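Take a look at this one chain, the form predicted on its own, written out in C-alpha cells.
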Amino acid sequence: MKENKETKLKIEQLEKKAEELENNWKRALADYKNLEKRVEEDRENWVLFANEGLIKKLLPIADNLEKLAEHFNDKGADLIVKELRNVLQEFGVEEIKTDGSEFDPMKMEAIEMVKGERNKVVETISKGYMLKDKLIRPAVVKVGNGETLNN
C-alpha cells in the first residue's frame, strides 16, 4: 500500500515535471519563431534603408528629368521619367501629395505664406518623398495665409 502511494506520488511529480518541460519547450519555440520574424524584418529594413543614400541622390535627377520633359514636351524624356518613378516606387518611395492639401509640418517645409486658403498648400516648389514610413525629403511649399486672391 505504501509503495502504491509512493508510486502514485512519483508519477504525479513526473507528470508535473513533464508538463513544465513541455511548457518551457513551447515558450522557447515561440520565442525562437518570434526572433526569426524579427530578424527577417530587420534584414528587410536594413536592405531597404541601405538604399536610402542612393535614392536621395536619385531624387534630384528625377526632378530635373521631369522639368526637362515638361520644358521640351519630349515623349522620350516623359518615358524615362515614368520608368525612373516606377523603379523608385518599387523600392518603396512615395511622393508626398501637396497641392491643395492641408499643410503638414511633419512632411512639408513652408518657405512662404501667400494669398490663398488658410493653411492649405497653394504651390509646390519641390516635391517631397517618403521611403515607406520614413521622410527622406520634405516637400517645399507655399502656404495660404487666409487672404483671398481678390483682395
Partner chain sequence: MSKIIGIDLGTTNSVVAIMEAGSPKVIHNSEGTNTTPSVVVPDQNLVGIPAKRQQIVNPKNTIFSIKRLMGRKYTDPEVQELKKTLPYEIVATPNGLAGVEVEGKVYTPQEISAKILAKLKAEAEKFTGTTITDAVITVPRLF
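Residue numbers count along the first chain shown, from 1. On a predicted model such as this, the values are computed, not experimentally measured, just so you know.
Not on display, but discussed next: the form predicted together with the partner chain.
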Contact label in the predicted complex: V93 to the partner chain, heavy atom within 4.5 Å: no
Distance check, D31 to the partner chain in the predicted complex, heavy atom within 4.5 Å: yes
G53, heavy atom within 4.5 angstroms of the partner chain in the predicted complex: no
Contact of P138 with the partner chain in the predicted complex (heavy atom, 4.5 Å): yes
Listed residue that, although the partner chain is not shown, lies within 4.5 Å of it in the predicted complex (heavy atoms), from L84, L68, L48, M113: M113
The partner chain in the predicted complex: contacting segment from 85 to 93, 32 to 40, 58 to 66, 122 to 130, heavy atom within 4.5 Å: 32 to 40
Members of 14 to 28 lying within 4.5 angstroms of the partner chain, judged by heavy atom, in the predicted complex: N23, K26, R27
